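Just the one chain here, the form predicted alone, laid out as structure tokens.
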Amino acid sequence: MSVLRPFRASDMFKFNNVNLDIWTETYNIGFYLHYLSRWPDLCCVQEAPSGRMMGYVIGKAEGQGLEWHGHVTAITVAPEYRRLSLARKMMGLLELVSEQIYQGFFVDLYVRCNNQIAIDMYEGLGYSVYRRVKEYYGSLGIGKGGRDEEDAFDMRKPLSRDTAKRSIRANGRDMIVTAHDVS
């Protein structure tokens, strides 16, 4: 049985099996340490009984007024541990903390538009596309369908505080903004 526990700085010495994946965004050590010191309750790992890291999530609380929310900065599960609902468990904890501790209106995340497996998973968790962000991950040029392959969907899930459901929209895939608009 695995355990979901807080992310510790020493975990950075054990997460290569998780980070060495084409879909996983990786950051420098200072970035992870900043998150761990500022939002430790929004950073956790899933660990196997052997001590091997199975996956992790790091997040933060940000925004102002009705835009105050939890943000999933990175979530990843090692390939050998996928399809075990580990991401669902980690997302559930981040959503719970975003709602109960930070009193956010919603949780959001960015996902590559061509990562259909992740998009399907997030939609299954109750997230929907709020907008498309042009060249969020840089630019690889035009891909299938005339869209830049490095665009991102800003996906959001309303929390109970968002009673008017302002964080969702029906036509989110058609709402296109630039990366500058969201930075």
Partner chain sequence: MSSALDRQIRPIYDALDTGSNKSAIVACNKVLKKHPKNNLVKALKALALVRSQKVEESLVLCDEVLLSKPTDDPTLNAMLHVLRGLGRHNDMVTMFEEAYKQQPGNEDLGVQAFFANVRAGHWKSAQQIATKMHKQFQEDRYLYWNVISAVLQANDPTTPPNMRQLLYKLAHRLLAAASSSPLGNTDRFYLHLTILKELSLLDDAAALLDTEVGQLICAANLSCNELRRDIMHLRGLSKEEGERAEGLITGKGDRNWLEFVSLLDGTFSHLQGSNENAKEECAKHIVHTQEVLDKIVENDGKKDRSGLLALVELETRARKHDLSTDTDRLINLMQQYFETFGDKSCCFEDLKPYTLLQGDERESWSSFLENVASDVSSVNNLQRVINSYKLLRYSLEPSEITLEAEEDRAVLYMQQYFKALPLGNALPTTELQPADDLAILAGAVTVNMWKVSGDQQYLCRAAIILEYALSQSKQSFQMRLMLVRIYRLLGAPSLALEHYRSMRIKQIQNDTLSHFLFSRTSAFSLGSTGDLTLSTECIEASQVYLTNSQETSDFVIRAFTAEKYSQIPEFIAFEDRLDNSLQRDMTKMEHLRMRIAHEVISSDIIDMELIELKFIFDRQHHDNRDFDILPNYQPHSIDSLNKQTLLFDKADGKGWLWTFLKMYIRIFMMASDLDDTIEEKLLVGDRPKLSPDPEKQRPLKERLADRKDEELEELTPEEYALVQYADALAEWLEPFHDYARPPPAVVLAEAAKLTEQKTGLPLKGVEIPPHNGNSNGHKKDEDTPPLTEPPEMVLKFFDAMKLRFNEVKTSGDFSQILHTATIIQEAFLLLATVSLRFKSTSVVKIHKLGGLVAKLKPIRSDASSVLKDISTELAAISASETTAENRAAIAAVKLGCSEIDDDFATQITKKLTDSRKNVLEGVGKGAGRLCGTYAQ
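Positions refer to the first chain, counted from 1. Because the structure is a prediction, the values reported are computed rather than measured.
A second form of this protein, the form predicted in complex with its partner chain, is not displayed here; the remarks below concern that form.
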Full three-residue contact with its partner chain in the predicted complex, heavy atom 4.5 Å, for Val3, Asn16 and Leu33: yes
Contact test in the predicted complex: Gln116 vs its partner chain, heavy atoms, 4.5 Å: no
Lys60 within 4.5 Å of its partner chain in the predicted complex, heavy atoms: no
Interface membership of Arg52, its partner chain in the predicted complex, 4.5 Å heavy atom rule: yes
Partner proximity in the predicted complex: Val97 to its partner chain, non-hydrogen atom cutoff 4.5 Å: yes
Listed range touching its partner chain, judged in the predicted complex by heavy atoms within 4.5 Å, from 52-60, 65-73, 123-131, 151-159: 52-60
Residues within 4.5 Å of its partner chain in the predicted complex, restricted to 18-50 and counted by heavy atom: Asn19, Leu20, Asp21, Ile22, Trp23, Glu25, Thr26, Tyr27, Asn28, Ile29, Gly30, Leu33, His34, Leu36, Ser37, Arg38, Pro40, Asp41, Cys44, Ala48, Pro49, Ser50
